[in-house]
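Taking the form predicted alone, here's one chain by itself in structure tokens.
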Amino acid sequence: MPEVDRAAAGRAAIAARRARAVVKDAVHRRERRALEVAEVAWADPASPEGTMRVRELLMSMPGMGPTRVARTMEELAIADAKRVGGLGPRQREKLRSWLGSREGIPARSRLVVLAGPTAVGKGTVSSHIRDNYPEVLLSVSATTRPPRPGEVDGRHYYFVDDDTFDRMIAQGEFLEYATVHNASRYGTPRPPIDAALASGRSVLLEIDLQGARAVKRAMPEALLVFLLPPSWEELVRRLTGRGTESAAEQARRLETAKVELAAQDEFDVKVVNHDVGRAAREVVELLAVPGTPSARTRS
């Protein structure tokens, strides 16, 4: 590197360190909230806030010493050298939730959309959340198909006739809707979701890939979560092990699953369904539900 360039780089580095020092001092003096600093970092990773290490940000907070910072970094599953602006979506959500709780900022309500390939376990994960996390509001879809044994109207689905479904479409009541398998229609009623979000509650919507895309178009602020199988072989095992489809139907669903898996990069966060309880906990954490403990490092 030429001497002039080296000198310029050195001056730029010194200026950057000074800028970060100003930010840290403002946090320490309580002139700026750490969460506000993080939001600036995520909006502009090249800013002084964005180039600051997470450890430095936490250390600048009143009452946070080296031991507590190290423990918090472990709980948040954030590497010691990670910069605030370089955090991935899931790490950002964990840090946002932790900072908000630490600084007394109420968790933001949000719509989380859970999708994934056939047989990955979306329904099982959402059912686990319904049974074990009563504070989470699960969106209930409307459908024109008749209820199956054990299904309860208003809990599993809103069972409506075709005329009612048509009326709901005409009145703009659906966030999204579609015809599935060229037969029954399914739709996500929007009024209950809007009301929950307005009241400060977060909502979980379990849906197919087509529906997730439609929701994102209608509500760009929604967080899209893609549920992945541990491996392709495990997905095949789960699908064939159900014994509910013919061999031809299994083959068709596996081809569909390949197409669905190829769309995973369209989503904001990916969760691997190694274990139903663990996957459910990760999804709940993304909802920023008050009282949910932070997750530790996972394989």
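Because the structure is predicted, anything quoted here is derived from the model rather than measured. Counting begins at 1, following the sequence as shown.
What comes next is about the form predicted together with a small molecule, which does not appear here.
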| query | finding |
| --- | --- |
| Partner-contacting position among 178, 195, 218, 105 - heavy atom within 4.5 Å of the small molecule in the predicted complex | 178 |
| Contact assignment for the small molecule in the predicted complex, among 201, 122, 92, 190, heavy atom within 4.5 Å | 122 |
| The small molecule in the predicted complex: contacting segment from 96-104, 201-209, 224-232, 80-88, heavy atom within 4.5 Å | 201-209 |
| Interface membership of residue 141, the small molecule in the predicted complex, 4.5 Å heavy atom rule | yes |
| Residue 133, heavy atom within 4.5 angstroms of the small molecule in the predicted complex | no |
| Residue 186 within 4.5 Å of the small molecule in the predicted complex, heavy atoms | yes |
| Non-hydrogen atom contact residue 158 with the small molecule in the predicted complex at 4.5 angstroms | no |
